[in-house]
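Presented below, as structure tokens, is a lone chain in the form predicted alone.
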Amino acid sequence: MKKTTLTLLALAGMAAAPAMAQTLAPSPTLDAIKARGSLECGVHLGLPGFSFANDKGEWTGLDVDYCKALAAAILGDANKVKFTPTSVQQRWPILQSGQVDLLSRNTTITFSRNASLGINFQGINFYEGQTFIVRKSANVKAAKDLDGASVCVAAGSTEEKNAADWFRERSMKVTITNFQKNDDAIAAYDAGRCDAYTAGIGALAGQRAKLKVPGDHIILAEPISNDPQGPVTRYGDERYQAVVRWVLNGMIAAEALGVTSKNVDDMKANSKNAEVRRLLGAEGNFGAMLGLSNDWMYNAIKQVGNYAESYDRTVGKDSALKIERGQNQLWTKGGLLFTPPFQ
């Protein structure tokens, strides 16, 4: 019995030990956010379901929710975030210049961006795949039927390169016309200047709502690419990058552990699950390791919700888009979503 008791105490000490080790340097970005009292978040110009402002200037969407969760984790208040709309071309300079603290907009993770732009991707919050929207009257059933067609796309986007690569590999003759903004590209398609418009499946679900007669158009089910998306930070400031990464991990972990905005108080007070208790700040000093209060993820979950709650209300079953979870389901349920453990 004594050996067992000593072993358990030793294990408990091992779990607590990292909280005493301040291995990350101070964070200028975190200090700046706390000093100004708000998080500066770069988002899409206006994409329903992901980042979209109503006529009152109120922002909603999956990417917006993440920014709110990050603000709650850092500042204790999900409303202490300012949103800066960014175009495809503007997003990198705006991030690199320090005008925003991060980008949370449908931005695909790619090697060249990570290696050459001075940016880091901090995880995946949406597994996307690119396809096309076409008119029902065109009788196009698959991307291969677009040979000889014209396609509208946003200039400088991943979708522009993906489409060019895909058609070239198949020796298909397609005219790709690019526009400075996604809204300009979808408007050109709606005006009949192109036979198709290409973007991510999730983005197309939102863009279709902007068409004059949405019901006259279909989104092809066949994806031509794999485009994981997630929050983006500048190089450097590892402590801040860890915060951005682990807030996303925390929202996913909360879903996996059954923690929601509705039961978070009960779970914090009564859960016997050690990972739940560490996630919610009931033990372990995990927030302190990042330079935050220990209720950092409690605040994020209480005020914004876990990943499933955010997904369902913004792009999923409780939203106008009703995008199936698919790859964005937890790995335990057949999807690709997972998080490293909180230990």
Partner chain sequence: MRLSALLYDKKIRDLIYQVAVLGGLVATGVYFVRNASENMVKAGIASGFDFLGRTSGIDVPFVLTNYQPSDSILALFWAGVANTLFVSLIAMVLATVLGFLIGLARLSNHWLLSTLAGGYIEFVRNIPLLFFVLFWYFGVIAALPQPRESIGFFGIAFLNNRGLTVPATESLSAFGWALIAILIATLAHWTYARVAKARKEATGQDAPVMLVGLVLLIGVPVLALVVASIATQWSIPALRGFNYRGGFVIIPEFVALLAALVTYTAGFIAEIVRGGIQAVVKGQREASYALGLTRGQTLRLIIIPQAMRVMIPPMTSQYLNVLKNSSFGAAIAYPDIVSLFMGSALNNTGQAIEIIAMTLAVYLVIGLAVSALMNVYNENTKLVTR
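Note that the structure is predicted; figures quoted are calculated from it, not measured. Positions refer to the first chain, counted from 1.
The form predicted together with its partner chain is left out here; the points below concern that form.
Its partner chain is not shown here, but in the predicted bound form it comes within 4.5 Å of a heavy atom of residue 164. Contact check for residue 146: a non-hydrogen atom falls within 4.5 Å of its partner chain in the predicted bound form.
When contacts are judged by a 4.5 Å heavy atom cut-off, residue 184 counts as touching its partner chain in the predicted bound form. Among residues of the shown chain, residue 121 is not one whose heavy atoms approach its partner chain to within 4.5 Å in the predicted bound form.
A heavy atom within 4.5 Å of its partner chain in the predicted bound form is found for one listed residue only; from 221, 209, 269, 138, this is 138. Proximity to its partner chain in the predicted bound form, defined as a heavy atom within 4.5 Å, singles out one entry of 155, 78, 256, 109, which is 155. Heavy atoms within 4.5 Å of its partner chain in the predicted bound form belong, among the stretches 112-120, 199-207, 269-277, 223-231, to residues of 112-120. For the three marked residues, 174, 177 and 188, a heavy atom of each sits within 4.5 Å of its partner chain in the predicted bound form. Contacts to its partner chain in the predicted bound form (heavy atom within 4.5 Å) from stretch 276-300: none.
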